[in-house]
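Look below for two forms of one protein chain, each set out as structure tokens: first structure 1, then structure 2.
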Structure 1
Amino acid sequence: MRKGLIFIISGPAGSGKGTVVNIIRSRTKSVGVSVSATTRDPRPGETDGVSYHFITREKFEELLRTGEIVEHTEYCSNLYGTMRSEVERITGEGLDVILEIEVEGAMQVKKLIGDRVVTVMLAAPGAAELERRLRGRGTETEESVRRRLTRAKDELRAAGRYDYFVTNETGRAKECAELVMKIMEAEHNRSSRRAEYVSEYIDGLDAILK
């Protein structure tokens, strides 16, 4: 059974990363679902261990200190993060994990987990199209649009630290998802990840030639 990998998808607001990730998850059974940890209280209908792992801030900070939280963020005074145990559980079953996170979190995961992490940055096809997408939402103020565009510059400056850079052409999210899925499959066939299989292959040939 092949070992699962961790694929990180990042990109500026308006890059369409959420749509692309949802398409990938709907088209393959080889991707597991990682349940995040949070310090906020459960909402009606939410189940511990299914919706989130609901833990105290003290417990979250302890897991963070010991490297058991591989990436995290804070929103509205609550902490949210990905637990190493969740990642190891899923990849141990031979499934991949997709994390849709920002640049800082991506670098955290890569530092803690290493060569099992593959990073992909998505982007709209050009600055003008990114602006059009943000304004087209109809929910952003002028200040918010400018803030997101400014942040996009910082995120794109980090593109060279990613393994892949993929343009999500307007109206072609399915094609973009298919390209990312090809990247995922190619990474599983990277020779450095197939060393155990090759070794067994050679041992089999040795047994035949005896």
Structure 2
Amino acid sequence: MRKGLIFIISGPAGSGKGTVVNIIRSRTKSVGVSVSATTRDPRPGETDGVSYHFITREKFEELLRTGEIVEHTEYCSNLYGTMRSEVERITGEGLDVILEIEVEGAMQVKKLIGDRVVTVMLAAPGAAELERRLRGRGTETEESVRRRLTRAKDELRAAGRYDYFVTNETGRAKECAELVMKIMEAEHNRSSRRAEYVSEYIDGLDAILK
């Protein structure tokens, strides 16, 4: 059985990563998406336990103290974190894990887990389109849009620390998801990750040649 990898998908707000992750989730049986905990309020259409585990700051701090949250960050005045129980649930089923998290958390996970982590940054095709997408949501205040654009700039500065940088062209989320799925498949076929298989292969040949 192949070992699961952890795929981190980051991207400034408005990069469309939620849509891309949902397409991947619906198309691939071998991945599970970790549902994060957050202290921010649900947006219209978001469901507790599906989009996020929506919890209070007190509860979040308690989960941090007990080690239930494995990485976290403060993003635009709200806390977000990955729950140990989510990662264990998914890896326990032998699946790949998708973490849809921002840059700081991504780097924490990379440091903690190392070579089983693959990082992908998604981005809207250019600054003007990113602004249009954020305003088009209609759920954010002017201040929140500006904060998210400023944060987007900081996140893009970290792009060089990611393994992949993928543009999510407008209206082409399906193609973007397909590209990310190809990256995922290719990463499983890295020779370093096939070493055990190759050595069993050689043992098999040895047995035949004996």
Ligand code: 5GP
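By rigid core we mean the largest C-alpha set that fits within 1.5 Å across both forms. All residue numbers here refer to structure 1's sequence, counted from 1. The structure presented is a predicted model; accordingly, all values stated were derived computationally and were not measured.
- Between the two chain copies, the one drawn from the form predicted alone is structure 1.
- Annotated hinge between the two structures: 31, selected from 31, 132, 158, 175 as the site between the two rigid parts.
- Remark: the rigid domain rotation between the two structures, smaller part against larger, is 40°, computed from C-alpha superpositions.
- After superposition on the rigid core, the Cα atom of residue 83 is displaced by 4.1 Å between the two structures.
- The two forms line up on their rigid core, and residue 62 then has its Cα shifted by 9.0 Å between the two structures.
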